[in-house]
Structure formats: structure tokens, C-alpha cells
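Only one chain is given next, in C-alpha cells, and it is the form predicted on its own.
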Amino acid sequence: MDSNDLLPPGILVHGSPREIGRHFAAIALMQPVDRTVDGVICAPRAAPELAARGLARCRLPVTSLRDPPGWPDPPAQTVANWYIKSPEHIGAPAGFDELVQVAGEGFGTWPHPTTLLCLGALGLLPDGPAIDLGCGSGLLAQAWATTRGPVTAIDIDNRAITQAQSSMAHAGLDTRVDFRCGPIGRLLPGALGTVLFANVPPIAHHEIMAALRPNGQTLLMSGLRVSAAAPILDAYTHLGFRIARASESDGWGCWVLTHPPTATRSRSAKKGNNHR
């Protein structure tokens, strides 16, 4: 039996705004598309697997609806305090930061496990201007622009840039992100940022390392299977980075790497020489 057949076309989740907010991590998985005086209307068949998980977790009463309330695309979900939604979903309640994702051809419309890992790690990073290297659909750039500061978003695929720009416009953040289309190796040296996002495959990490001039940056690194990450991590370590944090999901890894400012390293080296 198709998983769609196990779910009603629509669901009304009953509750006050405060109750809805308290249970929103589960409600978001049921694809909320409208608010009523009684609660929130959801379109579960837009994402059956997510909706089934949301129903299992929600502790509020629900009523099945015969008429489908819509078909939002891409599906909504939450990770940490982030609520990822399409333009057709309802807005975020208090306690959640909202990210808008439009459908597009650039990087797909379903956040990869590495993207979710990176979103969960953003709170570990220092404030400052950021550079998103290989921005894809732009979720990390949008998250930074939403809560922390300006971003330069770089991708070689013009379709990814177009999708990310459209999502950013729907979120009202297009003026806070500088989009640049082209190779990372050519564009990175001219971009300004003390925080770097690199959720990219190994070949792109090598391109980043060849163009990077390490000097006090914090690097959020992902796009790698944990089992294959050692050579890339070793290469960043040889550039002077150290691993500050690591996380994993479904075999994928995410690492926060830090690099001391050059001036600090020089003073430390001189101090060490004086003790010889």
C-alpha cells in the first residue's frame, strides 16, 4: 500500500497558538499550510514519511480533513531551532528561526544530511562576515544572513545561484547576501569573511585549500563521509587548522575547524624561541 493511502488528505491539529508553538517541531513535519481559530491545517501527503513521524510525536488532538489543503513544495521540516519551509507553508512561531526554500534545479529541494548537520553547528561559530563556498540552494547562507551577518555566497552552477537568490528574495534577505557565480579557486581570494562554510565534495575541498590564505578563520566543513574524511582533515591540519568540534549523522560528518591569526602564531613562535 502506498504511504499516501495511510494518511488523510488533510489534518487539523487542535491547539492554542502557545500549544502549537510548543509542539511545532512535530507539527512542521505534517506540513502546516494554514492557521484557523482551532489550530493549524496540515497537508501530510506532501511528505508522507515526515508526516507519519510528526503524527507519532505530536501530543495535540488531530482531526482528519476530507478536502486536501494544498501541496507545498518543497516539504517543511525542523532541525535544532531552524524551521525550513516553502513559500506555501505557514510562518515560524516564536522560538524558531525561519528559512525559506523554493523549488529549483540547482541543488534539489530536500536538505542533505550534511546541510542539517551544518545548520545544527552554526551556533558554535563566532560572529562575523561569512563566505559560503559552494552555496548550493543557499540554506546555510540564508541561515547566517537571518541571524548573524552578511554573506558572500559562491557557486559554479548558475542554476544553484538562481535558486538560492529566489529563496533569499522570498525570505526578504536578498540585500544581505552577495552572490557570485564561478569557480571557488578564482573567487575565494577576493571574498571577505572570517567564517567559512564548505559543505562540498572532496574535489572542491582541494580547490579551497589551494586558494585559501589561512589567517584566523573558522571553517565549518562537511560534504564528506566520516570514513573518507581523514585525508581532507589532515590536509587542513597541515594548513594550521585544528578540529574544535565534530558531529555525525547517517555516516556523514561535520567539523568546526579553527585557525589562529598569523600575528598570534608569530608571537607564540618567538616566545618559544626565547626559552630555548
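What you see is a predicted model, and the numbers here were worked out from it, not measured in a lab. Each residue number is its position in the shown sequence, starting from 1.
Beyond what is shown, the protein has a form predicted in complex with a small molecule; the following relates to that form.
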Item checked: Candidate spot 15, 78 and 98, all three touching the small molecule in the predicted complex (heavy atom, 4.5 Å) -> no
Margin query: Quick check for you: of 121 to 129, 79 to 87, 143 to 151, 176 to 184, which stretch puts a non-hydrogen atom within 4.5 Å of the small molecule in the predicted complex?
Written below: 176 to 184
Notebook entry, point to check: Which of 172, 201, 190, 91 has a heavy atom within 4.5 Å of the small molecule in the predicted complex?
Noted result: 201
Next item on the list: Indicate whether the small molecule has at least one heavy atom within 4.5 Å of a heavy atom of residue 157 in the predicted complex.
Entry: yes
Next item on the list: Examine residue 134 and determine whether its closest non-hydrogen atom to the small molecule in the predicted complex is within 4.5 angstroms.
Entry: yes
Check: According to a 4.5 angstroms non-hydrogen atom cut-off, is residue 115 in contact with the small molecule in the predicted complex?
Finding: yes
